[in-house]
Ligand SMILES: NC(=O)c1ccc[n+]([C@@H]2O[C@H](COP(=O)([O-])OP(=O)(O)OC[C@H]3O[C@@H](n4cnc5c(N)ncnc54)[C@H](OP(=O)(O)O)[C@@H]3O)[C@@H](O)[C@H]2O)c1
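First, one chain by itself in structure tokens, the form predicted alone.
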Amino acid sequence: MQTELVKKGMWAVITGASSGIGESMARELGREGVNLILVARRLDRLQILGAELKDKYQIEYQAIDADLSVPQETKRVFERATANGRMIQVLINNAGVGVYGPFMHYDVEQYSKTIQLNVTALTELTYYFVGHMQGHGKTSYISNVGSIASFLSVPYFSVYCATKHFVKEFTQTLNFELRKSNISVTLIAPGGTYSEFTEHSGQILKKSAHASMMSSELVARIGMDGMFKRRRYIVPGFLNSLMVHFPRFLPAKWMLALNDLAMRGAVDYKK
């Protein structure tokens, strides 16, 4: 396990860092003395967060405004992050989107954006930074943020679930490929988390949903601890970690029905 002394002075790139789990991960790493490159669309939020963490923990930071759902943005982010010989040792692919509701309820452009951000941008950034990390040879860490939907198929969340299935398979396969290298690759798969994702995905939480929701701070703390322990995957929360094993024992049709029932009991979608 990495010690605080070794973590201090590292450079980490975090996408989707302006709110939710990404912001909480930035706070967690900043507290450990890790320098931060914060990436998101909302530059003002990144600058406020970076300045706060710099003042509080005496770290360095850079804010990069980027919409990773736009093709070619990943290359620009990589080039800015590694400018002037800066060596990145942590990459957290946290940015992601998804919409909940009947498949035809949303425009096809929304689904294209979901695939571009959740799959293509994540893959491209991982590609660029794996090459970079192999080049400098320092102990490095990549975390790809999936979801319990990486393990479960949920009706009315079809495209989102499919992208998160990709994140799981891609991450765990890459973890095996790089197991003898200087790079550790981890899947972080949270369940329901209090963040802006709920609103942006078109979900309306029902009273029962709050029983299994977690704070972004707790998810980030568990995720960062597991990442530095080089764990292959992390599912924060006892109930969530239990749920991801159900598909091993139940037929797919039963799982779809159960997931649909559970989701309908916890959330509604915006009409």
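Note that this is a predicted model, so its numbers are computed, not measured. In case it trips you up, residue 1 is the first one in the sequence shown, and so on.
The same protein also has a form predicted together with this ligand, omitted here; what follows describes it.
- Item | Contact test in the model of the complex: residue 66 vs this ligand, heavy atoms, 4.5 Å | Contact check for residue 66: yes, within 4.5 Å of this ligand in the model of the complex.
Exercise. Heavy atoms within 4.5 Å of this ligand in the model of the complex: does residue 221 have any?
Worked result: No.
*asked:* My question is simply whether residue 21 lines the interface with this ligand in the model of the complex - judged by any non-hydrogen atom within 4.5 Å.
replied: Result yes; residue 21 sits at the interface with this ligand in the model of the complex.
Notebook entry, point to check: Do residue 145 and this ligand share at least one heavy atom pair within 4.5 Å in the model of the complex?
Noted result: Yes, residue 145 is a contact residue.
If you check 129, 156, 151, 160 against this ligand in the model of the complex, which one has a heavy atom within 4.5 Å? For this set of options, the contacting one is 160.
Considering non-hydrogen atoms and a 4.5 Å limit, which listed residue (133, 174, 97, 81) is close to this ligand in the model of the complex?
By the 4.5 Å heavy-atom cutoff, the listed residue in contact is 97.
> Which of 33-41, 225-233, 241-249, 47-55 has heavy atoms within 4.5 Å of this ligand in the model of the complex?
Replying inline: Within 4.5 Å of the partner lies stretch 33-41.
Check: Which of the residues spanning 110-143 lie within 4.5 Å of this ligand in the model of the complex, based on heavy atoms?
Finding: Only a single residue, 117, comes within 4.5 Å of the partner.
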